[in-house]
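Given next, in structure tokens, is a single chain: the form predicted on its own.
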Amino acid sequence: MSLVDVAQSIKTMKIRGAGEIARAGACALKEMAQDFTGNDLDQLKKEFEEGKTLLLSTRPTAISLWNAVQAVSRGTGELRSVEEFRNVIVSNADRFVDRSKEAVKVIGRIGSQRIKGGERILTHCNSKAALSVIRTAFSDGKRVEVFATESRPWRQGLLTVNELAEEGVPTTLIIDSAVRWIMKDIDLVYVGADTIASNGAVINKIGTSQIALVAHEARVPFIVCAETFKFSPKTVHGELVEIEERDPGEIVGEGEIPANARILNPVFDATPADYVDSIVTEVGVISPYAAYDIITKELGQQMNAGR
């Protein structure tokens, strides 16, 4: 697909999930650079910047895409030829994609250490990182049972149930409003993240904060699984995370409610650090209050770009 096609697919959620979005953006910039013909470096840079802007406009909440764009752009400022620019972009994009995929595997290995066997696990939406933990534990012979929320309006929970059930993991689908009812039987909660702020707040699929609140009330560990590229350098400098709102048509069909009734369709919510037991990353398990350290150590260059 062209970069425009990728951007449209991200915007319409044909490509979804923070990690998939980030990798798709990186690959789109790489292919754009590879497809460029001619020797006009200024023109290539112009098209590259326009491509970045288009990609970043598609999903404003997920910092993963922004971090991917910054990673692909690294080291291009002083290049003097189209060939040099193209080679750096291709190398950066390949490195980002490889590292992001490996991060999910590492998170699976690290996060599964918390699972001893016999636990009932609740998960929300369709986080590849969180599911990597569950899959790794199950493949290691640990008996687990998973409860997955439906995750409306896009019902990503059905993806989770299908993926786990096909691998033989005992899995039950529940409606979102049944979380408090089921929590009394849950031992661990594993969720993903779209963005993690410097204060440790976790921005994830709408409904995550309610699950965290219920888990906190029931004293059930609430564990977030997130690659380091989901931490937001922008928040270090005081920028607030924009919560995306989507088309009301995702919730109701035409004529189902009166025309003068309003509809709100926020995609994400923010879970305070106080309700997060720990965050599993590819560099280890951290307290949510260590988010600032992750940003400065792992994303130092992106932090400067966020100013």
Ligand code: RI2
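No experiment lies behind these values; they were computed from the predicted model shown. All residue numbers refer to positions in the sequence shown, first residue = 1.
Unshown form predicted in complex with the ligand; subsequent notes refer to it.
task = Select, from the options 75 to 83, 212 to 220, 169 to 177, 120 to 128, the stretch whose residues sit within 4.5 angstroms of the ligand in the predicted bound form by heavy atom distance.
result = Checking each option against the 4.5 Å cut-off leaves 120 to 128.
task = Name the residue from Gln156, Thr228, Thr136, Ser198 that puts a heavy atom within 4.5 Å of the ligand in the predicted bound form.
result = Comparing distances to the ligand in the predicted bound form, the residue within 4.5 Å is Gln156.
task = Find the only residue in Ser232, Ser100, Thr160, Asn204 having a heavy atom within 4.5 Å of the ligand in the predicted bound form.
result = So the residue touching the ligand in the predicted bound form, by this definition, is Asn204.
ask   = With a 4.5 Å heavy atom cut-off, would you call Arg16 a contact of the ligand in the predicted bound form?
value = Although the ligand is absent here, Arg16 would touch it in the predicted bound form, with heavy atoms inside 4.5 Å.
request  = Report whether the minimum heavy atom distance between Phe268 and the ligand in the predicted bound form is within 4.5 Å.
outcome  = Residue-level check for Phe268: yes, a contact with the ligand.
query = Is there any non-hydrogen atom of Val189 lying within 4.5 Å of the ligand in the predicted bound form?
reply = Flag for Val189 set to no.
inquiry  = Test of understanding: in the predicted bound form, would Ala193 fall inside 4.5 Å of the ligand by heavy atoms?
reply    = Yes, Ala193 sits close enough to the ligand in the predicted bound form that at least one of its heavy atoms falls within 4.5 Å.
message = Using a 4.5 Å heavy atom cutoff, which residues in 57 to 74 contact the ligand in the predicted bound form? It's fine if the answer is none.
response = Residue within 4.5 Å: Arg59 only.
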